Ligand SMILES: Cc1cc2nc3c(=O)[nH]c(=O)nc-3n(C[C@H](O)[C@H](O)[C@H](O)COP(=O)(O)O)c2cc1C
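In the block that follows, a single chain appears as structure tokens, in the form predicted alone.
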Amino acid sequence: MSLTTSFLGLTLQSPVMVASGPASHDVNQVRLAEEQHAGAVVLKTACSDKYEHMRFWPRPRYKLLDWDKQMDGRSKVFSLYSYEQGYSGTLEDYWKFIRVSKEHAKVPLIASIFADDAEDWADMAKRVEQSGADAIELDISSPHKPGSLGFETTFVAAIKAVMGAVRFPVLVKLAPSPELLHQCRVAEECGASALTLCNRLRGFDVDIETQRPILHGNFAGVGGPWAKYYTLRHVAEAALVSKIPISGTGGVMSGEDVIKYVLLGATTVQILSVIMVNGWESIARINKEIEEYMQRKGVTSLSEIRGKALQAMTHPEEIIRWSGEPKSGSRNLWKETGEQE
């Protein structure tokens, strides 16, 4: 029995990866992730110089909504509301961050970048590759990106530019939307190596006493345990039509959540909120829970069960539906209101 996972030509000691964010902003955090046996680390997103202002963060920038801390000391139900900006250093600092991290860690490192002009995407990707990262994730779907950036400029042009500039694996991180499946197809057609599904939603909250928006006064990213249900749906839909690997992310709190993603076709699973709320030990705990599941089910490798739940899905036209007269004592509201069935 082994958690070893092959992903984009990389050998991961676990399918559990640290997602890009405040838990992957410095070398010490990379070391902590490796000590907890994370499979890989997606580094904090670096912004192009055009968006230098996104390297400065408001204070405070996090708030836990609907928080329910259970007796075992771990939060089980919450919404993480935050305005998390880009990597706080310069681009030169980011290239150095990659190099130093590679010198001190064996865990695979996936850099993350954000830009808008195709030239900037390509230039940053080349510098990431030269700095020694094992792969790159294009953060096209950040909930904090400027709203004026359109689909064509931040998606098709970006992927094509990066694919033409580098030789290492390129992941494309998408947000949940009605256009997601179309975007998955386009990303694959443009040559993307893998998909990361899904980024957080953009949300909003208000303090009714002050009658003002909370925190920084504008929209923020929203995630938490509840998010896994819509992301599981998107992973399943994408796995049915995509031939490239999928890295699932959103709402993971336990080994059970990771198993669900794998059963629906994901190769790896990225976590972040659970680390921020419950600590770095969450990685080792989740790995242990996955191993316990595998032992209980007699599974030696997660590849044995990847996509298995997809095979058991029922086509909408084949769903068994109840027919006939209502049971005794029940009311047929359709007939009572004169509506036709």
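Just so we're clear, the structure is a prediction, and the values are computed from it rather than from any experiment. Residue positions are given as counts along the sequence shown, with the first one as 1.
Just so you know, the form predicted together with this ligand exists too; it's not on screen, but the next bit is about it.
Listed stretches are 311-319, 295-303, 32-40, 268-276; the contact stretch with this ligand in the predicted complex is 268-276, by a heavy atom cutoff of 4.5 Å. For the three marked residues, 55, 98 and 129, no heavy atom of any sits within 4.5 Å of this ligand in the predicted complex. A residue is said to contact a partner when one of its heavy atoms sits within 4.5 Å of a partner heavy atom; residue 85 meets this definition for this ligand in the predicted complex.
Proximity of residue 198 to this ligand in the predicted complex: non-hydrogen atoms within 4.5 Å are present. Under a 4.5 angstroms non-hydrogen atom cutoff, this ligand in the predicted complex has residue 80 among its neighbouring residues. Residue contact check for residue 67: none of its heavy atoms lie within 4.5 Å of this ligand in the predicted complex. The partner is absent here, but in the predicted complex a heavy atom of 251, alone among 245, 176, 251, 169, sits within 4.5 Å of this ligand. Residues from 30-67 that approach this ligand in the predicted complex with a non-hydrogen atom closer than or equal to 4.5 Å are 44, 45, 62, in the order they occur in the chain.
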